[in-house]
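Form predicted on its own, single chain, as structure tokens, below.
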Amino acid sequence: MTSPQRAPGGFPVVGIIGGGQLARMCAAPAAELAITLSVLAEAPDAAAAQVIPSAPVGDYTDVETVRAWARECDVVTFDHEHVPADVLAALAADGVTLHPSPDALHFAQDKLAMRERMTAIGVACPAWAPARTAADVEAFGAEHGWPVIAKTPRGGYDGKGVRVVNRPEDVADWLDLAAQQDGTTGPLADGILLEEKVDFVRELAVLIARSPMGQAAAWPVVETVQTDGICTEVLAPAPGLDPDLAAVVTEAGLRIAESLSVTGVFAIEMFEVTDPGTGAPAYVVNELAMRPHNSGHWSMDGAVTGQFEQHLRAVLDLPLGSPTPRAPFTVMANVLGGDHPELYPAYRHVMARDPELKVHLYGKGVRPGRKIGHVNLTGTDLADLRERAGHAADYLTGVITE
């Protein structure tokens, strides 16, 4: 592998495993910080490889490939959470600085381990239990009510690996796989994760940055809008959020960061619920993501320090930047692939229609339902921002043509 070109003056090289859009969006802040990026990409045309000069192609599951690439990096971080444990262990044994650490990353890779730790540190979660047999599923449903939510503990994202279950037969195939994978490293090796189906008011997320020195910063709590299991819109900050709940949620995020020794930017996805005892607003944690996250894309244009710059600062143990919003509201709308593969004409149209719009496309081929970009708008009128951002996203997708 060729060595990445270091900036003069002693500036470091940050390695990123994975060449997706999260790595791609680190390119601009890295250039501003005079930091060189090196990406271990999946393909020559991966999203990040299009904009980052040092982007050798390699298999992130192959230990020797990753070790050879990492020797040129001062610190290594991740575009995704799917790097195998043996690869992480080999890098750690080589003395490679990893952020987040394998120990922290484990809780994003394994939902059962995450639930156990959240419960242990007093963070509110839905009722949950592991299940290996139909009797386990039946007992959980009888105690917590049907339907229940079933998840594969490892490997799921964007609604994949999640089922709404009305009877044990609905996960019979997963239970069979769990029996076959017992003692392996498969996604069902430890059984299925069962959770009560939460009656929630809306979905929230809080984004936290934490550096190795222990400095932490939190952006405002946001509302996320999901469509068919995919986030389609983020409202920052969450409109009408009870200030006490905002404080509680932020404290929980900071406590998770400290307890799990997370380094870098990470997201906590949660549900806003109503406390059955008091009627007050409350929360339960749904998922953790140990990396920059879709719920934080608004910060690229809506905060003093966006999540990608902050992630680079954090993994290099630099002082963190201010997460303060630049405007009363920012709306992020995801652009999903539709039936029109040629994006450039639509791109030009939405920019001309709304000069305040910030368009971020990922250089990905169009495929129906695939996240291919997002748009941001900042201002004071939330309803107006939502309409304009939604129009732009729909036009780029091809849902509307005017």
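Quick caveat, the model's predicted, so the values are computed rather than measured. In this text, residue numbers run from 1 along the sequence as written.
FYI, the form predicted together with a further copy of the same chain isn't displayed, but the following is about it.
Using a 4.5 angstroms threshold between heavy atoms, R67 stays clear of a further copy of the same chain in the predicted complex. With a 4.5 Å cutoff on heavy atoms, E32 counts as touching a further copy of the same chain in the predicted complex. Of the heavy atoms in R71, none are within 4.5 Å of a further copy of the same chain in the predicted complex. The closest non-hydrogen atom of A28 lies within 4.5 Å of a further copy of the same chain in the predicted complex. The listed set T305, T250, T97, T232 contains one residue whose heavy atoms approach a further copy of the same chain in the predicted complex to within 4.5 Å, identified as T305.
Of the candidate stretches 102-110, 309-317, 279-287, 88-96, only 309-317 has residues with heavy atoms within 4.5 Å of a further copy of the same chain in the predicted complex. For the three marked residues, V76, P84 and R367, no heavy atom of any sits within 4.5 Å of a further copy of the same chain in the predicted complex. Interface residues of 316-347, taken as those with a heavy atom within 4.5 Å of a further copy of the same chain in the predicted complex (partner not displayed): L316, D317, L318, P319, L320, G321, S322, R326, P341, E342, L343, Y344, P345, Y347, in sequence order.
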